[in-house]
Each structure stands twice: as structure tokens, then as C-alpha cells.
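Have a look below at one chain only, the form predicted alone, in C-alpha cells format.
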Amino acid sequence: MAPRVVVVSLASDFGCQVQLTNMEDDLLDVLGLMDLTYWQLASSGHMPDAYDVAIIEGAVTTTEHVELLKDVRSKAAAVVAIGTCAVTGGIPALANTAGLETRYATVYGGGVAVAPGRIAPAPIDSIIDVDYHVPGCPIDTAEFLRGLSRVLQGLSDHMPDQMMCASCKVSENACFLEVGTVCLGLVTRAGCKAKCPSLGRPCTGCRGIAPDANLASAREVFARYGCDPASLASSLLVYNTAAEVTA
């Protein structure tokens, strides 16, 4: 029996789910290996009562999300977090930097009751255990397929611990820091094959901070190349507000 799979979205722009629709060459082959019983972006139905794998996009921003995640965790044998919002809190977590109530007042005005049950935006694994992670904003479809293959085969999660700078060297990209441009590749988790720098754009840290990253040394490197060391932490906040970026 093919594993029953659901795709769920929390607080996000659905960009990672849209990426799944871009897998034209592989989508049918993948669908043949599983029973896709619910896909929030592509379905008007309701979540089934039983399933085996839950693929979740988006950050946790309400008490409703919390209850949904707990229910999903109680039913799914495997939970997969896809995209930066789900893995690190991503862009939604930026609302935490000035205080959630202040952010809502700025957008909606004082005294307006909006989003009942709202909580500080956070990654999925701050609420439940997550078995597999596919970072990125948006996700890379090839990496998603590799991760999904591990899920279907019952293999363990596998995210690189190394920094992305090594991928830049392999791709023979010019270093942005050497010309005084802030780039977060020296602290960002590898795995994207330095896609942005290879296209002429510095890394913005969407894959999260690598476990092996040394932020103190990174600030020294920034200073050596004429970049403000404080800009390391401020730049990381774009996608990593929920992570510790001050060490």
C-alpha cells in the first residue's frame, strides 16, 4: 500500500508549494510512489482522518496552528518541514523583532482586533518533533525530491552541517566579501550549491545558520573585508529571527 501523504500550509506565501508544481519532469513519477490524499494548495476538500506522511509549509503564528500541528504529529509517522518559514520561522518571524503587538498596531492601527489567537511566529519544530527538513526560500525541487525519497525509504533526515562558502569555491564564484559586499555564505547551511552567488547575488541566509558556523569568526572576517561586523547579525535576522544570531 502506498503511503498516504498530505501537504499542509501554515503562515506562508505558498511559494514552496508552488515549487512542487514546477517538478514537471518528476511529479508524475513521484506521485506514483504515494497516495497524495490532500494538498491544501490544489484541493478544496478537507484533511483526511488518517495519513502516513505530512509535508508542512509555513511558520506557526496562531493557537489554531499549534493545535493542528499537535493533531498532525499524533497521526503522521513522518513530518516533513519544507521551506524557510517552516524550518527557521523565516520572514513571518520578523514580526517578533519589535514586539508582536507593536507590529500589528503599525499595520492595522490601535484597538483593532485582528488574528485572534495569534502567537509569536515560530518554526514548526518549536511545537512538535520534525523528522525531515528541506530548507530554502523557496525550496529547491531536486533537494525536496531527495528528501522525499529518504522519507519513503524510511531513511533518516540529512541536512548538511557545513557552510555554503565551500560550495562557492567549488563553483569558482568570485567572493562578494572581497569587494566589500555583505554575503552570508560563510555562516549559512550548505546544500543549495551556492545558487544565488552563482547567479551574481550574495547569499541572504535563507537556508538557516549552519551548525558548524562560527559567528564570532565571521564578524572578524567581515571587519577584515571592510564590512560592518554588526551587519552580520542584522542580515541574518531576515530569515533567522527565531535563531540565536548574537553569539
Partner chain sequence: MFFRVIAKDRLPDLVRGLSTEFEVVGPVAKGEKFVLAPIEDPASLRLDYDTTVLPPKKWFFPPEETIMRFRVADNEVVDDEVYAPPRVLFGLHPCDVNSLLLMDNVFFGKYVDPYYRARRENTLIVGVSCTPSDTCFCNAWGTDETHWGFDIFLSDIGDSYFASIRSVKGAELVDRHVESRDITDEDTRLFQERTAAFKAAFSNDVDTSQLPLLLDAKFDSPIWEAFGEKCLACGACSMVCPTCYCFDVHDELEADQQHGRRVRTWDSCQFKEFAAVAHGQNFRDTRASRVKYRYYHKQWGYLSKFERVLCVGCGRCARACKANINPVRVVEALQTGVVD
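Everything numeric here is computed off the predicted structure, so don't read it as measured data. Positions refer to the first chain, counted from 1.
A second form of this protein, the form predicted together with the partner chain, is not displayed here; the remarks below concern that form.
Note that among 173 to 181, 80 to 88, 67 to 75, 121 to 129, the stretch whose heavy atoms approach the partner chain to within 4.5 Å in the model of the complex is 173 to 181.
Site annotation in the model of the complex: the residue of L186, V53, A194, C206 reaching within 4.5 Å of the partner chain with a heavy atom is L186.
By the 4.5 Å heavy atom rule, the three marked residues S149, S217 and V221 all count as contacting the partner chain in the model of the complex.
Contact annotation: S156 falls outside 4.5 Å of the partner chain in the model of the complex, judged by heavy atom distances.
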